[in-house]
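Take a look at this single chain, the form predicted alone, given in structure tokens.
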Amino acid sequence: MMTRLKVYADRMSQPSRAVLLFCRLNRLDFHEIKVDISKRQQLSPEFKEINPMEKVPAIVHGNFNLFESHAILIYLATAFPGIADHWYPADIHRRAKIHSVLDWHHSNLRHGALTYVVNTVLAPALGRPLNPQAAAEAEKVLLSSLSKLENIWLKGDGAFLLGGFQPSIADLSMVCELMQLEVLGEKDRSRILTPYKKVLQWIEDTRTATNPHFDEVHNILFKVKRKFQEQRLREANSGPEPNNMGGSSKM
């Protein structure tokens, strides 16, 4: 019998949240181990033994180590008994379609969303200057990705990706990605997301289908959102002030 599953994660990491959400939803017996990116704990020799790529999430299951969130989600959906089929269907064609979404995700939606958020909001908290040019380029990728999400991946009768009537691991991965847009100013977030009605409805449907675990896993993100809102309000009332988010933002 394998020892208890260990999940190394930082909840400010989108892929970490997707893995933790899957574990919570499926009531897996696991131990969550925080790897604080703001303290560069992912660069420690101890963590490098688990993931030489120095990124979260990663898991240890017995003597088996695994990193990369999509690979982890696939492993968890197949290694544990009693996981509902809709997460990672046994049907080979349905499964292949889920792989196509996951393969598309990193080079498109993740690239656009992460690069945009970092270069419009998070860069000062990470010790870097904002980069308007990088933000503008990332916004084009993000908007193109949202259009494809709206018109291709959400095409079908069901409320979820690939026309599914229940969420899959692809829904978890991509919805956690888009949740990082919560830290943007309301006008900016609305400008980006409002044209995509299916995307907005899908986010809400996925949140409803996975609550209360969805909100619990995203609670730290909501706290950071409130901090940025308070900072913007102070700046509007008294002018710009130095970023005081420290290292708490680690998207």
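Everything numeric here is computed off the predicted structure, so don't read it as measured data. All residue numbers are counted from 1 along the displayed sequence.
The same protein has a further form, the form predicted in complex with a further copy of the same chain, not shown here; the description that follows concerns it.
Only one segment in the set 61-69, 201-209, 215-223, 27-35 has any non-hydrogen atom within 4.5 angstroms of a further copy of the same chain in the predicted complex, and it is 61-69. Annotated contacts: Asp103, Gln133 and Trp153 all touch a further copy of the same chain in the predicted complex [non-hydrogen atom within 4.5 angstroms]. Interface membership of Arg128, defined by any non-hydrogen atom within 4.5 Å of a further copy of the same chain in the predicted complex, is ruled out. Residue contact with a further copy of the same chain in the predicted complex: His86 places no heavy atom within 4.5 Å of it. Contact check for Met53: a heavy atom falls within 4.5 Å of a further copy of the same chain in the predicted complex. a further copy of the same chain in the predicted complex is not approached by Val121, whose heavy atoms all lie more than 4.5 angstroms from it. Taking a 4.5 Å heavy atom cutoff to a further copy of the same chain in the predicted complex, the contact residue among Ile74, Met179, Ala159, Leu146 is Ile74.
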